[in-house]
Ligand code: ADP
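Next up: just one chain, as C-alpha cells, the form predicted alone.
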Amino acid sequence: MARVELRNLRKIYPGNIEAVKNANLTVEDREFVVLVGPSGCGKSTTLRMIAGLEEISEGEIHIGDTLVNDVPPKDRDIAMVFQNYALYPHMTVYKNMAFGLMLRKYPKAEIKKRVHEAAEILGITDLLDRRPKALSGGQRQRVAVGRAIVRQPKVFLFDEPLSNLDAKLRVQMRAEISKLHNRLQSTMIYVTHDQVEAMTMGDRIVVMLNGVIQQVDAPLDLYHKPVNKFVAEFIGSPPMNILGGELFGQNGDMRFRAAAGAVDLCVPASMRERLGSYAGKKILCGIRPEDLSENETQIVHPGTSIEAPIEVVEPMGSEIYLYLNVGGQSVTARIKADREPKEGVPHVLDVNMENVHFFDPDTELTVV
C-alpha cells in the first residue's frame, strides 16, 4: 500500500474556472480518508486528478515515493470504483472482475485465484456466472468493488459509490466497505456528498467548499471543533442552528441576544474572555439541535431557555424534530420521542450553553 500526497494542487478549466484551489493533503498508508462537501466543491475533480483521469493544472501528486503527474492512469497502481459501477453488460461477473488482470496478461490460475478470493470476501461467489442486468444495485456495487480488489492496488479510490442505492442498502454497504478496509488494511480515498457516510466511515474527513479544503480532521473533532460556520453547519444532522445577534456585557455578565429579544442567553464564564472583543458587537451563535432539550416544566429559565411556537413536528421514531419560529428565525430541536408536542403551541426549550459555538459574522471563522 502507499501514502498519497497532494502539494499545492490546482485545477483550472477553460474560462478561468478554478475547480480546485491550492489543495494540500497527505493520506497516510492504510488510512481511510473521506472527501466531503456539496455538489461542485471540487471533491470528485480532486479524486479524478489522483486517478489520472483529469489533467492537473498546477501542483504535484505523489503516490508512495513516485511523482505521478505525468504517469498514465493504468500505471499509477490505483483502482477506482465509480458511481455508475461501469460494468461491461455483455460479460459475466467473473469476466468483469477478471478483465483488468487479463489485459495485463496475468496467468489464468492467478486470475481465478484472485477473483474467487474477492468474490468470497464480498459474498458474491454464487453470482460469478451472471451478467450485470440480472443483478440488483447492491450486487452490482459489490462486483465493482470486487473488480478493484482483484487488482491489489496501492490505493483504492471511491467516487460516490453508494449514491444510486436505496437508503437501507446504503447503510449496509457503508458497513461492508468499512469492514473491507479493516480486512485489506489498504489506503482508501472516498468521495461523498453525504456527511453521514463521511462521519461513519472515515479515519479523517476532508471538508471542501468552492474548491478549497476547509478542514481536515477526525470525525468527532470536526463535529465538536469546527473551524468555521460552513463546517459547523455541514457536519451534523439536522444542521446546526445559526442565530445572528449581539453580545452585551463583559467578563462579569455576558449575554447573547437575538431574534428581537426572543433569545436572551447567558454566555458561560469559560467563553467570556475569548469573546471580550465582541462585546457590544454583532456575532453569530451556533446551537446544535441536540443541545436544545425539552423543559419538562415548560417554565422559562432566564439565560438558559427559549420559548417559541412550534411550526412543524416531525416524528422520527426514536426521536422528534421540532421546527420553531424564534422571533422570525427558524430553529430546529431534536428531542426524545416520549413527548407529544403540538404544532402552533408555544414551547420552552433549555439550551446547553456549554456546547454553543460563536462565529465572526464577517469572516465566519470560529471564535469559540
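One-based numbering along the sequence shown. Remember, predicted model here, so these are calculated numbers, not experimental data.
Although it is not shown, the form predicted in complex with ligand ADP is what the next lines describe.
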query	finding
Partner proximity in the predicted complex: Leu25 to ligand ADP, non-hydrogen atom cutoff 4.5 Å	no
Touches ligand ADP in the predicted complex: Leu322 (any heavy atom, 4.5 Å)	no
is_contact(Ala19, ligand ADP) in the predicted complex, heavy atom dist at most 4.5 Å	yes
Proximity of Ser39 to ligand ADP in the predicted complex, heavy atoms at 4.5 Å	yes
Gln329, Ser44, Thr304, Thr332 - the one with a heavy atom within 4.5 Å of ligand ADP in the predicted complex	Ser44
One stretch from 314-322, 60-68, 333-341, 31-39 that, in the predicted complex, holds residues within 4.5 Å of ligand ADP by heavy atom	31-39
